[in-house]
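Next up is one chain by itself, shown in structure tokens, the form predicted on its own.
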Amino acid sequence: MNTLASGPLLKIDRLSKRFPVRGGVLRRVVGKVNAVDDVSFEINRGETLGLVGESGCGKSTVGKTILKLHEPSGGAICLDGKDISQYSPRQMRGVRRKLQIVFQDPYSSLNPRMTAADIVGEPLAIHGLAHRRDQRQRVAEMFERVGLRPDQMDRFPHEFSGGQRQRISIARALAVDPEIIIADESVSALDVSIQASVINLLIRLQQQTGVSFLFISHDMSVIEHISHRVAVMYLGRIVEIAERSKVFAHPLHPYTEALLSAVPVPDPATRRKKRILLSGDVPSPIKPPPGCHFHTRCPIAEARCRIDVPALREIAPGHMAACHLR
């Protein structure tokens, strides 16, 4: 991958998102879901930050809140040094070109009534980036860039395979020359063989264009292959963040250790560490446990873990973790 440019492109500072829980005949608010709880991280230009964690931990909500598909409940979203967290829909329209997303499901994220050419060309028309006569040429170029043939442009989504549909989604996101793309579980719905080709496509496109990625996944193997740095999330909070090599070679948080111990290996006899089996289920985000959210499942938890919230701090150079015992 390319050498990373200096300076953060995107800075997330104490981002929070709470959803109301309604109940009763009058549908009154009876609680709240703490989907994202005080999350902070940065993404540099030309970098891929992998955001990983179990299903339901708030990863996708982080991505959609950054895009303001969900309005943040607190915190700052700084893009190119400007806080966009309080931008109105009209103000966000000017920012949308810089922030794009590739959704998880390639079958439901494309309009079945539109041709592939219209799908990829729509953002060009919305942002006024190409006249009608130039738009088709631009779309043809995007098709070739993502590994599709220009003679497929007039087909409808149902005429493409899942992997090809995801390439159309990637072409749509790239069409407006964004600065950052949020890939929300963008390969999890694909066959393993197709996953590899799409991941390699994203890496190649990053090398060619310098675009940054927030790559959201529950698969540690995928995260290891594509990421420069890795952020591990548990029940709405970031519990560890560092360069990829540091996280995979020397995980500092017990939750990260458990995730890595569960990664399949071709020969179980070569597994370096014993499998860590976590007890119980992930607590409900409606009523998360006090202190460290992970203490109910942590094999090394102590009394203070049940009371005090651990700060995300630098424990080793460039390696941050939220754990009292490290």
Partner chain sequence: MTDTNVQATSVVADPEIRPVINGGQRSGRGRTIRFMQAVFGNRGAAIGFILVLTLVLVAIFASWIAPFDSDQMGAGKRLSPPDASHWFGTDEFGRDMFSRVVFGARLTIQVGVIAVSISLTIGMLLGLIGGYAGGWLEKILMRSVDVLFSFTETLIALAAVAVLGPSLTNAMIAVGIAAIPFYARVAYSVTLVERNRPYFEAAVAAGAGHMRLLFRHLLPNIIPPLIVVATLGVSAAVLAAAGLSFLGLGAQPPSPEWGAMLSSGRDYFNRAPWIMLYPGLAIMITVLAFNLLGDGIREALDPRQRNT
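Numbering follows the first chain given and starts at 1. All of these numbers come straight from a predicted model, not from anything done at the bench.
If you look for the form predicted together with the partner chain, you will not find it shown, but the lines that follow are about it.
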Only hit among D177, E71, D134, E159 for heavy atom within 4.5 Å of the partner chain in the predicted complex is E159
Among Q86, Q91, S108, Q208, just one has a heavy atom within 4.5 Å of the partner chain in the predicted complex, namely S108
Could you tell me if all three of L99, H127 and Q152 have a heavy atom no more than 4.5 Å from the partner chain in the predicted complex?
yes
ask   = Might P112 be said to contact the partner chain in the predicted complex, defining contact as any heavy atom within 4.5 Å?
value = yes
Mark R172 yes when one of its heavy atoms lies within 4.5 Å of a heavy atom of the partner chain in the predicted complex, and no otherwise. yes
Considering non-hydrogen atoms and a 4.5 Å limit, does the partner chain approach K64 in the predicted complex? yes
| task | Decide whether E243 counts as a contact residue for the partner chain in the predicted complex under a heavy atom distance cut-off of 4.5 Å. | result | no
